[in-house]
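Taking the form predicted on its own, here's one chain by itself in structure tokens.
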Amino acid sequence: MKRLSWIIWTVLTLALSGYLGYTLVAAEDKTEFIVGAPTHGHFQIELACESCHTSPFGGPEILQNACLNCHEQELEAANDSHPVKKFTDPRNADRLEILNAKDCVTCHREHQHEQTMAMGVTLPDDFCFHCHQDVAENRPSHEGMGFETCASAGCHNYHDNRALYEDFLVKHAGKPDMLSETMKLVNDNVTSYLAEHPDVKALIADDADIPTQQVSEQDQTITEHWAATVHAQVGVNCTACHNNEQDEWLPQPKLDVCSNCHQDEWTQFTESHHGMRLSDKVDISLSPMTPAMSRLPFHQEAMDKDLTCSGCHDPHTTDTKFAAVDACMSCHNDEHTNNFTQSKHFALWQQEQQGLVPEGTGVTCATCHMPKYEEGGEVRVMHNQNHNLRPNEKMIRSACMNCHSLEFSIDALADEQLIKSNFIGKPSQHIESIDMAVKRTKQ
């Protein structure tokens, strides 16, 4: 009996070892090895383990480098208020003994779902106490405030304080809710492109170079649509997207074909939650993100929709109006999205479509979540939908303050119910950040 038990134990051990070894080395699905649910920011790539765990050898620097590989540029752009160099200063050595703020994983530990809060923070929400427990001595206005409110009351963000710096608060104090002069960036990149490329000839339907044998009745309709697009205006013919490197016709071009001409937009898209599964920083090939994979509420009929460039931009119509509103609303099914059509923002968008207000006056989903910006003399659209989404104060400078005062913007973004209603009404609370900053300058 004892011998039989040993045989059974040996067989089971070998079988289990073989299964785990095969799964670890060869199988695509490594779900068995996930030690805990990943955060909201990383669950899309939870099976691309080696994107973060780049080596089985080495210390904390392995994970630190993996974090910076994706987030370093973002932190630099945000003018990070707690950069690593702050904590390499010997004068802060005593603080590092309490909280090693040089390493991202000190505050952001993955696979710790039960203790993960907003922004993927896994420390108790009063973590500012460790370094700022004496803040009330220099700032009497902070007397009695709980440290758990530092980052939750629209006052401070650990990394990105661009809309909350004291000087910025004072500069924009005392302005009305609606600014008298609003910022309206309008794309006219086609005109500038044609001016820089005078040899480019606008194409018509008869110019379409789709191979004759590929033409179907449906293709004829698509060709007519294409002839009315910006692509045809700037001389981009069918084979520019449909032919591969061997000049062979592909009925379905590769997912990254748009990056041949729109590299910046593709890079931004693959940095977003929509496109991060297609990023070249992910160590394995993943399918495009679909709403069914997400943790947010979506319409049932959209669950299997691939989130690629063509998911929002039909390449044969390039309808940016659809991409700015309908593409979002056809998938997202949350209170904020569903209330958009009842909002003043949407009313302005409708008036713009009817020609009743100047171009750029309307406010769409893209206006706030994919704001326009100027670069190199051109107006561009941010294609990383998450660039200014969390924490939402990041949206103040790039979106809200194009029309609204800083004070109104801070109050509005701190009001969760107002956000859910898609800003129907006014903020129900007032954040005293500007008042406190102004008072301090008068002391």
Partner chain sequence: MKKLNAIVLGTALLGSATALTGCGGEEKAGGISPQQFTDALHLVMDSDRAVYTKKVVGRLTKKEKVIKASEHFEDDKALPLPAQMFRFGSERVAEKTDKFSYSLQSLFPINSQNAPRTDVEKEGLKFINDNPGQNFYKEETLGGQKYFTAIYPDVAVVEVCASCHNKHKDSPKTDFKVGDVMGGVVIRVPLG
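Numbering follows the first chain given and starts at 1. What you see is a predicted model; the values in this text were computed from it and never measured.
Although not depicted, the form predicted together with its partner chain is the subject of the following passage.
Colleague: Give a yes/no on whether residue 125 approaches its partner chain to within 4.5 Å in the predicted complex, heavy atoms considered.
Modeller: It does not: once its partner chain is placed as it appears in the predicted complex, residue 125 has no heavy atom within 4.5 Å of it.
Colleague: Does residue 193 reach its partner chain in the predicted complex, with heavy atoms at most 4.5 Å apart?
Modeller: It does not: once its partner chain is placed as it appears in the predicted complex, residue 193 has no heavy atom within 4.5 Å of it.
Colleague: Classify residue 131 as contacting or not contacting its partner chain in the predicted complex by the rule of any non-hydrogen atom within 4.5 angstroms, answering yes or no.
Modeller: Residue 131: contacts its partner chain in the predicted complex.
Colleague: Considering only heavy atoms, tell me if residue 106 and its partner chain come within 4.5 Å of each other in the predicted complex.
Modeller: Judged by the heavy-atom cut-off of 4.5 Å, residue 106 is well away from its partner chain in the predicted complex.
Colleague: Have a look at 344, 201, 254, 139 for me and say which one sits with a heavy atom within 4.5 Å of its partner chain in the predicted complex.
Modeller: Partner contact (heavy atom, 4.5 Å) among the options: 139.
Colleague: Ok, 167, 248, 301, 359: which has a heavy atom sitting within 4.5 Å of its partner chain in the predicted complex?
Modeller: It is 167.
Colleague: If contact means a heavy atom within 4.5 Å, which one of 367-375, 182-190, 275-283, 131-139 is the stretch that engages its partner chain in the predicted complex?
Modeller: It is 131-139 that comes within 4.5 Å of the partner.
Colleague: For the spot marked by 29, 54 and 62, is every residue within 4.5 Å of its partner chain in the predicted complex through some heavy atom?
Modeller: Checking in the predicted complex: none of 29, 54 and 62 is within 4.5 Å of its partner chain.
Colleague: Counting only heavy atoms, which residues in 426-443 are within 4.5 Å of its partner chain in the predicted complex?
Modeller: Contacts from 426-443: 440, 441.
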